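One chain follows as structure tokens, the form predicted alone.
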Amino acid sequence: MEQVVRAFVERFGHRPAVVVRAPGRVNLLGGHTDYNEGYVLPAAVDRAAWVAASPLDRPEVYVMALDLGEEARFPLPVPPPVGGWADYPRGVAWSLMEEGFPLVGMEAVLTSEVPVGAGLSSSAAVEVAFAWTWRVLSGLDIDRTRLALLCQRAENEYVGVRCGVMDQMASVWGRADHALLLDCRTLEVEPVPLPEGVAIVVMDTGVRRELAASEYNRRRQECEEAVRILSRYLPGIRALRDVSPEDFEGVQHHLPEVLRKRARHVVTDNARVLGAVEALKAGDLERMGWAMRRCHESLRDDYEVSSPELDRLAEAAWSFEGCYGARLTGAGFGGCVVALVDADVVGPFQAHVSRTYEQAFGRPPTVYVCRAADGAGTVEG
């Protein structure tokens, strides 16, 4: 916090009226279940975007991105997107004003500890940080879930990225030392305690997800087609979330092989998330870890979104005593693996997976050690 406040004072000559923090997130379980109206189990992490800001008496926004050494200025109402980092605060302003919320102008400094492209949702952290800042400065009556939905709209319709709402919901609803069971249909959130002494370790393959966008859209279409076929035999279903593992066993033979594999992953992963929640409530990290491993294997074999790099990291993690479980997280085809690890052995675990990965691919992964953190809020002001 001190860094963003100091930068604000140096740039504008006075202390900010408000300082806001909004965390990134990692999804522990629930792969590609969100757009099937199912269940996911993310956690906000202790890496966050920070905004220090004060109101202006004119309809203008001035933002300095401390990490980039760049500045942006735009009026309110917001003009069309221009590309680049400033479209995130611009998009948030656009989304809020589209909903009829009056916004004050502001001068602000942004900095972020959430690494870009590491699967920790740096964009959602920035969106939520600015939305929360306007919530405070403009005195807006917006609850956390609606704020998350408005941030999602900013990314979908202004920035042009068709993300789900999990990232923003985790950023606003996070709770320290808890994961969050999110029902992607009802948007109900239930904090789920993580046992003491466990670290969340995110391992970045360094492989960017070139195939993710086109294959992501294909997987969505395949799931929708599976629902269309299965609805003949399971009347009333509207998404794969409505199909139980038992029902699926009885009707899966009606699906072509590819659709059967895709649907099997989603149906079983929804069940894994709910089972893992019960395991965490009972303090059973072994069962939780097994669910993470089975999720990865299902994403690899049935959903076919893994890669050699992701598989190697996951296998290295599984082989280490003190790692409870690991799986690819995010869309797949690159990106990251997340693991739950005994906090006492994080150092040796990091050395093991880094050595194993470097031997296979000639470069080490980037490793982030995290804890589950509280969601967005005002830190000062």
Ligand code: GLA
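Rigid core (definition): largest C-alpha set, two forms, superposition within 1.5 Å. The first residue of the sequence shown is number 1, and the count goes up from there. Since the model is a prediction, treat every value here as computed from it, not as a measurement.
FYI, the form predicted together with this ligand isn't displayed, but the following is about it.
For the options Cys163, Ala239, Leu274, Ala199, the residue carrying a heavy atom within 4.5 angstroms of this ligand in the predicted complex is Cys163. Contact with this ligand in the predicted complex, judged by any heavy atom within 4.5 Å, is made by just one of Trp290, Trp85, Phe74, Tyr216: Tyr216. Taking the partner from elsewhere, no residue among Gly24, Glu127 and Gly375 has a non-hydrogen atom within 4.5 angstroms of this ligand in the predicted complex. In the predicted complex, at least one heavy atom of Ala331 sits within 4.5 Å of a heavy atom of this ligand. Although the partner is absent here, Tyr35 lies within 4.5 Å of this ligand in the predicted complex, judged by heavy atoms. The closest non-hydrogen atom of Gly31 lies within 4.5 Å of this ligand in the predicted complex. The stretch that touches this ligand in the predicted complex, counting heavy atoms within 4.5 Å, is 166 to 174, out of 306 to 314, 166 to 174, 253 to 261, 103 to 111. In the core-superposed comparison between this form and the one not shown, the C-alpha atom of Ala331 has shifted by at least 2 angstroms. Val305 is among the residues whose C-alpha shifts by 2 Å or more between this form and the one not shown once the rigid core is aligned.
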